[in-house]
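This document starts with one chain, in the form predicted on its own, laid out as structure tokens.
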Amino acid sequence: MSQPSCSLRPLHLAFALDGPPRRGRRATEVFDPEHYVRLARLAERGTLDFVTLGDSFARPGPDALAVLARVAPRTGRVGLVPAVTTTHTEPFHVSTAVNTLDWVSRGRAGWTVEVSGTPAEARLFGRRDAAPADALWREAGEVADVAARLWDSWEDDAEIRDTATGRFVDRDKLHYVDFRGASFSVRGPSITPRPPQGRPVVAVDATARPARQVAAAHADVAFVRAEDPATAAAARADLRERARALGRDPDRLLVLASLPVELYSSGDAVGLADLLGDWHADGAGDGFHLRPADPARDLALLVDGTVPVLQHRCLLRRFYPGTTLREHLGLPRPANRYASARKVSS
């Protein structure tokens, strides 16, 4: 079989490690860290860009960020993107935790910004009511903003470890954030050095309108749940236009169509490759985030059935181009805002 010339722009591919709740799923599987290690390694064999793991205060299961911190040293390339809610958590702690995942994974961390909008979650923290979605996402945008500022609060070369003088850091390269939002304030600086990626990848499910402006302002990756390529393409165009209006380069916001998948055979896996190729040709997005019915079964069929077909059609790369998640996604490492300001003023 002749090998086609690969002139097409490859699509990005991400996979959710958590499936929808269903009767019969073994509790030992949900709570077993080796289950997630096996899945992440399988995704890595398929050269997928990253895996996601959902989380909320209202569902049983382990903390997504902690699980992927466990997965990080057992994998070497695949990106790791847990959901972290911003509603009942401290922004400083969120920033530090995601930063730590980036260090543990050596530059493969991301973060899906989530909000907690149910009364049950509010009651867990002694609050009577959940705030409206608009207010929750406004706060989420502020948390994403301050997290990026905290990651920048150490310049890349702030840590000097000068044993001769006994100096660990260059204090002139640590910066106070002094952020004051509508519901919280943060001074900083961070207690951890700048992450390997400069700023870990920020992802937002931008399907709902209240989340869309946050995605346009702060996200590197936006997920859009759509039932047809035209709807996904329209959402992508809307997000790019919003990003442009905010002064961002829209090419630095990747939009992935988020699709449910359920595969039972190799035939289904080839059919999925056909569907992804058709959606990609129709401009549905920069790639796909797949949400499986059964993560173990569907990921195995995806990696051994769908991925080879996509690679043969030049729609998916055959190897990782670098070591960090930003390199997988073709996104540049952000410059440190304080170092940049110093250069301008000097």
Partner chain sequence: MHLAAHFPGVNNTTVWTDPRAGSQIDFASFEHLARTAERGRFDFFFLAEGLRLREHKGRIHDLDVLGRPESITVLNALAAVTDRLGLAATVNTTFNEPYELARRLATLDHLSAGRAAWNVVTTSDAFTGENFRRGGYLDHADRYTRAAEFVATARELWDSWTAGGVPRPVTHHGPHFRVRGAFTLPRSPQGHPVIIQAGDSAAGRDFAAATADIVFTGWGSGGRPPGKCSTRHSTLAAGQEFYADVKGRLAAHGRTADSLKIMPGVTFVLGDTAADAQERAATIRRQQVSPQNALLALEQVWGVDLSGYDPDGPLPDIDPDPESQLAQGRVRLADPKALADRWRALSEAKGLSIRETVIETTGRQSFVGTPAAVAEEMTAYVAARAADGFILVPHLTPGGLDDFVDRVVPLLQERGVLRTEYAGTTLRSHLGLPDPVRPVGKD
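Residue numbers count along the first chain shown, from 1. Every value quoted in this text rests on a predicted model; they were computed, and no experiment measured them. By rigid core we mean the largest C-alpha set that fits within 1.5 Å across both forms.
There is also a form predicted together with the partner chain; it is not shown, and the following applies to it.
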*Partner-proximal stretch of 228-236, 250-258, 197-205, 86-94 relative to the partner chain in the predicted complex, 4.5 angstroms, heavy atom*: 86-94
*Mark A281 yes when one of its heavy atoms lies within 4.5 Å of a heavy atom of the partner chain in the predicted complex, and no otherwise.*
no
*Partner contact for S56 in the predicted complex: the partner chain, 4.5 angstroms, heavy atom*: yes
*Are any of the heavy atoms in V113 no more than 4.5 Å from a heavy atom of the partner chain in the predicted complex?*
no
_I'd like to know whether D172 contacts the partner chain in the predicted complex, with contact meaning heavy atoms within 4.5 angstroms._
yes
*Are all three of R123, E139 and G188 close to the partner chain in the predicted complex, meaning a heavy atom of each within 4.5 Å?*
yes
*Quick one: which residues from 43-82 get a non-hydrogen atom within 4.5 Å of the partner chain in the predicted complex?*
D55, S56, F57, A58, R59, P60, G61, P62, D63, L65, A66, V67, A69, R70, P73, R74
*asked:* When the rigid core is used for the superposition, does R209 move between the shown form and the other one (threshold: C-alpha shift of 2 Å or more)?
replied: no
_R127: Cα shift of 2 Å or greater between the shown form and the other one (core-aligned)_ = yes
